[in-house]
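Presented below, as structure tokens, is a lone chain in the form predicted alone.
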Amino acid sequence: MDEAGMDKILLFAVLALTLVGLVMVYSSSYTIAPEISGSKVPSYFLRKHVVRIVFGFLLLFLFARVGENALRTLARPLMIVSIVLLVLTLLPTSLSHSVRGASRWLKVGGFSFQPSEVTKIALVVYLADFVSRRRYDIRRFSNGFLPAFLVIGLVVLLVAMEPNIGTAAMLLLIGLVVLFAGGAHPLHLSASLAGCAGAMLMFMRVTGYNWERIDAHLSSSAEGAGYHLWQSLIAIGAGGLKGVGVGMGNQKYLFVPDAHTDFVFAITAEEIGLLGMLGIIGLFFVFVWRGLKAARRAQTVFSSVMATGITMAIAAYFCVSAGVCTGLLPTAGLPMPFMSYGGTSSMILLASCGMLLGVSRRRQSFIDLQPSRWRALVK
């Protein structure tokens, strides 16, 4: 198989977005770091984030060199391990660790991580391998679509039980996008999406979990759960065309909640303005363009579908995070790729970018993937 160097444009987009993220993590967290961490060091969150980014880039360059056969060999074991880890988060053991009443973390020694973050990339790799093995049956329901959807449904259910409806919804979307890229029947995809969306809404309504966010979004109330959105909109509006200057924003002073994680988009818009945000959006467009180009040039079904899944998953997280901060979507509590402070999420994100860069190294003609609508998507 012919190999070329890694896609330098794609790598530049990843590096640029990561560097902007480092700046904004510090800018949005230095005012609250002493209070939240108990430390007097304003750069507390930045220091932790830098360490995780360094590990993330080590994973990026490692996975950029991993061959397709190795990834396919790891696909099913990685999926099984991810499911086991998700189950462990729900069990009352010494490993499970609750944050704000949700059992989303496992703690081993002094290291905590979110299994749902590992599941994102595990699901993409597993489904890409599944599609490549059953590409001629994927449009059939019983032999193709159903077995794959059962795996998607299982991980979505486990994550929803944590509870973490936002991530569960994203896992559902990512899984269906990968199956679409592999040629699944549109009727199977749309029916599954509608059914699961209805089930999630019913779960939220019956349990009351985050339902106030739906009410606040529909009523446009500035009180209660709607307070977060209004403060986010104030931050974005204050930025104007050029922004108030990096580090000079006011909304991060405990007006916008989780300013360095869920609402970093709003703080960034306040400080660098519309023109700066257009530059960031442009970098994300470059990332998606080069990611889909790598998918189109991939030699095998597995590499093409995996590259599409990774690219569209990152794009979806960006769109949802931006949609939440601008009021287009209800508050979901999801980080923005490259920009938000994070541990497991940042390292898994960069590892998945390494897989994408690995696909871009193997530039050959795309062959033997059905249906033809997929070719039209990535051109």
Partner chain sequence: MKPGAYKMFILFAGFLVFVALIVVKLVDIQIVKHDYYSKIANQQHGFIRSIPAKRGSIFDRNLQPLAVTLPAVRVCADPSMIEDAGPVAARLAEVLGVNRRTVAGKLAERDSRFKLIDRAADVEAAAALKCLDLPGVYFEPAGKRVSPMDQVARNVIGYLSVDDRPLGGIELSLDDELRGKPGTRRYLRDALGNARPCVGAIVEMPVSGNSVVLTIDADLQAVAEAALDEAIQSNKGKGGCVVIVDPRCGDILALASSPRGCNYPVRTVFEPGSALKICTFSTGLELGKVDTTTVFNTNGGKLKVPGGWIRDDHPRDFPDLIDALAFSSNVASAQIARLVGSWEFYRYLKAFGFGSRTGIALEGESPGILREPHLWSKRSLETLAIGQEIGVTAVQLAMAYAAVANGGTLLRPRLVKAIIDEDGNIKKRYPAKAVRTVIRHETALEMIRLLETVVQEGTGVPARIEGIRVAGKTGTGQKAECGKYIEGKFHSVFAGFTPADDARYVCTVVVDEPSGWTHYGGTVCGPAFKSIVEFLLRREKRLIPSQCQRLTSLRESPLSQGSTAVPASGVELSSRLETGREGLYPSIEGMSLREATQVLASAGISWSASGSGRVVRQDPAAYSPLDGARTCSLTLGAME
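Residue numbers count along the first chain shown, from 1. Because the structure is predicted, anything quoted here is derived from the model rather than measured.
From this point on, the text means the form predicted together with its partner chain, which you will not see here.
Student: Check for me whether its partner chain, as it appears in the predicted complex, comes within 4.5 angstroms of all of R47, N143 and A148 - heavy atoms only.
Tutor: No, none of R47, N143 and A148 comes within 4.5 Å of its partner chain in the predicted complex.
Student: Might L158 be said to contact its partner chain in the predicted complex, defining contact as any heavy atom within 4.5 Å?
Tutor: Outside the cut-off, so no.
Student: In the predicted complex, does L328 come within 4.5 Å of its partner chain, counting heavy atoms only?
Tutor: Residue-level check for L328: yes, a contact with its partner chain.
Student: Taking its partner chain as it sits in the predicted complex, is L278 near enough to touch it, meaning that at least one heavy atom pair lies within 4.5 angstroms?
Tutor: Result yes; L278 sits at the interface with its partner chain in the predicted complex.
Student: Heavy atoms within 4.5 Å of its partner chain in the predicted complex: does G182 have any?
Tutor: The answer is yes: G182 has a heavy atom within 4.5 Å of its partner chain.
Student: When its partner chain is placed as it is in the predicted complex, which of 149-157, 119-127, 268-276, 73-81 ends up with heavy atoms within 4.5 Å of it?
Tutor: Within 4.5 Å of the partner lies stretch 268-276.
Student: Please pick, from M170, L86, C196, A298, the one residue with any non-hydrogen atom lying within 4.5 angstroms of its partner chain in the predicted complex.
Tutor: Only one option qualifies, and that one is A298.
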